[in-house]
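A single chain, nothing else alongside it, follows as structure tokens in the form predicted on its own.
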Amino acid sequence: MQTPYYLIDKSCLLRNLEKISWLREASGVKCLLALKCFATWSVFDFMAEHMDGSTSSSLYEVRLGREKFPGETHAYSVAYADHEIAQVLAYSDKIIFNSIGQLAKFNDASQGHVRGLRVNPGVSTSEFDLADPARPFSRLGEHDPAKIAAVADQISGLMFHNNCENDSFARFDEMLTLIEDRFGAIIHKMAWISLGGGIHFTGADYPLENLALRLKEFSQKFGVQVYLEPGEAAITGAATLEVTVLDTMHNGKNLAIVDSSIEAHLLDLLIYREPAKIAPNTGAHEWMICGKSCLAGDIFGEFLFDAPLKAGDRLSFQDTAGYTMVKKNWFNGVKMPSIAIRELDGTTRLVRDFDYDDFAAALS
């Protein structure tokens, strides 16, 4: 198969999904795939066997969830436009408003629909200001318990999303306790609560039993159905980006140029200034892996190899499912990676290729 391409491995995906299934059974929570992280719908039927539906951040995502992912479809957006709201309601089972202002604006249109409100508890686990929902002056949700209580009779649920790559159960427990203490009186009036995503509970050493017990206790204490919205937790380690070395150079360091671009194909890493991953990343030969775009900083990172790299060598960037395919772009006209799936029996099939017509169609 011609590189570059994203390769989704169902056997790796299944390991995460089995943990999600166990958590659902042990705790009673429902789990919705966060489409903002991963929206490759060719594996949605497979994932739906272990999840309860999808949650979205826009009209197009909620429509994709309704059409492609069996189960519940939750709609959320930082702000809905007038021309979107009818379609959002038509495609969703629940709609979550970001503000009391949006709830009021679309009160008449959403009558009879299951409605919720996003709440910002003012604490989070994010290490990046760019992604911190509780950053100063945050627009992500309402924060005043008194104002939220005043509209509690207009909604049946609340959404708290303040975890971000949180692999610490102790920190999750601490923040949930803060939510209980500050918003408990309102939660008692609700029928359902979403605790969002960002909880890395499918990690190898995560105390899943403790999480299940804590979630079950929370649900029983307040009499609510609890939802989680795993994104990365559902797909961590489930895909690679396969590339080929096109050329090598030396300019103080060994440089290898591949047929891909971190800006176009792994944009999230560039935004957060994190290197890509290559396994095993051992050996005596250190090489800087560079993208083929004209951006000077189009660098995947520096890695170790057993032998010097040469044109034609194949490389695999690891853990490239989350926030990759949803952010890929046509910068420099660099060919988008194809999308392939490795089935449970080990066979690989191509599910999507991109060509010049796709590039031209994205423009005008």
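Values in this document were obtained by computation on a predicted structure and should not be read as measured data. Start at 1 and count along the sequence shown; that's the residue number.
A second form of this protein, the form predicted together with a small molecule, is not displayed here; the remarks below concern that form.
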The one option of M47, C31, V62, A34 with any heavy atom within 4.5 Å of the small molecule in the model of the complex is A34
The listed residue (G237, P121, G157, G196) that reaches within 4.5 Å of the small molecule in the model of the complex by any heavy atom is G196
**Q.** Contact of G231 with the small molecule in the model of the complex (heavy atom, 4.5 Å)
**A.** yes
Checklist entry - H161: heavy atom within 4.5 Å of the small molecule in the model of the complex? => result yes
In the model of the complex, does Y323 come within 4.5 Å of the small molecule, counting heavy atoms only? yes
Answer among 84 to 92, 282 to 290, 217 to 225, 196 to 204 for heavy atoms within 4.5 Å of the small molecule in the model of the complex: the stretch 196 to 204
